[in-house]
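Shown below, as structure tokens, is a lone chain in the form predicted on its own; questions about how it binds or moves come after it.
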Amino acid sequence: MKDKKVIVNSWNEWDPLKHVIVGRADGCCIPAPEPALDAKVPEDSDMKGKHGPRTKDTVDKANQLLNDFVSILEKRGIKVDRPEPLNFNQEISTPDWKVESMFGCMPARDVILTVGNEMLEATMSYRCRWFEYLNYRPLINKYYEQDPNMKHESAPKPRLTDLDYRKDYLSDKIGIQKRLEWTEKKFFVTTEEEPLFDAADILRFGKDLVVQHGFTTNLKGIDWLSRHYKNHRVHAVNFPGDPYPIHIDATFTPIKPGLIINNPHRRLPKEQKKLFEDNGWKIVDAAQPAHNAPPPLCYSSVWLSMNVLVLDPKTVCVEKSEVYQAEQLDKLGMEVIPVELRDAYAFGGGLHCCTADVYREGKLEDYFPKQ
């Protein structure tokens, strides 16, 4: 039975989930142009040139789906907390920059990283997301008061001046081929001016943290994580087949100890596979998405099909329409729980994106003893 004083505990992506944060769609805005965003929006996207508050009907629909997801989790005995939305439709600024609005608080995974008894607020690499941690502060403060061993940390807030972004990425006519060449060379929109990372670029494997180097996390950010988590081994990975490398959880998804599904268009490079292969982990190509395009006004990839939430090593939540991904995970021995969420994708992502762990049963273990 869980000790009442232990509120925060989560070492990996698959131990039995008992307490989680699920985001909200309230007041979400399509961000105005800024360097980090401009590099991310696909060149053929219907998002080009549009910004401001999302419509009430789409917000209401997304919230209904998120609320239904919460009900599914609660019926399985999982405690769910929700963030407190800010007024996102307001100009924010620092002495270095200003933007017309904030973003939202649906993708909790982007902002909050839970490692053991610590919850860490990520730096964030978009200006519009600079204050996003404030949506979660009331919850984190509550956990801190209730759990005497819980640690609350915040990574250094970056200045996010123009020096943080490469001007090469500001053109809207780069083309996919050039983007893929740049990704191969690890030439991303973010520079090494200061440490940058989003929490959704980090996967937890017990004593090892696997971090994607890409648009939203730079090498200085990975170095900061290495220095911060001194008892962990931190591994930088990259995926050359991704022209828009943002967040690892639609590319490389651990399902249970020893098993990972990998986006077949963004395979882990051979030399980086060694860590997993030497320790008996199986990496299999994820099933194809059920859709050929993202929903309207959504700049996420169709590969949110593999953005699943593992409830325990035998149970996984998969978006309801992603029938091929569900079928694959069923054949891999998982109980699949279908969850309708596609009409909420535009607010920040899929089932893994919209959640942040608070408590998973389990302890720190070494899944990669051969290194």
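Numbers follow the displayed sequence, beginning with 1. From a predicted model like this one, the values you see are computed outputs, not experimental measurements.
Beyond what is shown, the protein has a form predicted together with delta-amino valeric acid; the following relates to that form.
In the predicted complex, delta-amino valeric acid sits within 4.5 Å of a heavy atom of Leu304. In the predicted complex, no heavy atom of His232 sits within 4.5 Å of delta-amino valeric acid.
Not displayed here, delta-amino valeric acid is kept clear of Thr114 by more than 4.5 Å at the level of heavy atoms in the predicted complex. In the predicted complex, delta-amino valeric acid stays beyond 4.5 Å of every heavy atom belonging to Arg127. Shown here without its partner, the chain carries Val22, Asp81 and Asp357, none of which come within 4.5 Å of delta-amino valeric acid in the predicted complex through any heavy atom. When delta-amino valeric acid is considered in the predicted complex, only one residue from Arg179, Arg266, His213, Arg204 comes within 4.5 Å through any heavy atom, namely Arg266. Residue in contact with delta-amino valeric acid in the predicted complex (any heavy atom within 4.5 Å), chosen from Thr123, Thr253, Asn135, Ser300: Ser300. Only one of 241 to 249, 276 to 284, 148 to 156, 82 to 90 places residue heavy atoms within 4.5 angstroms of delta-amino valeric acid in the predicted complex, namely 241 to 249.
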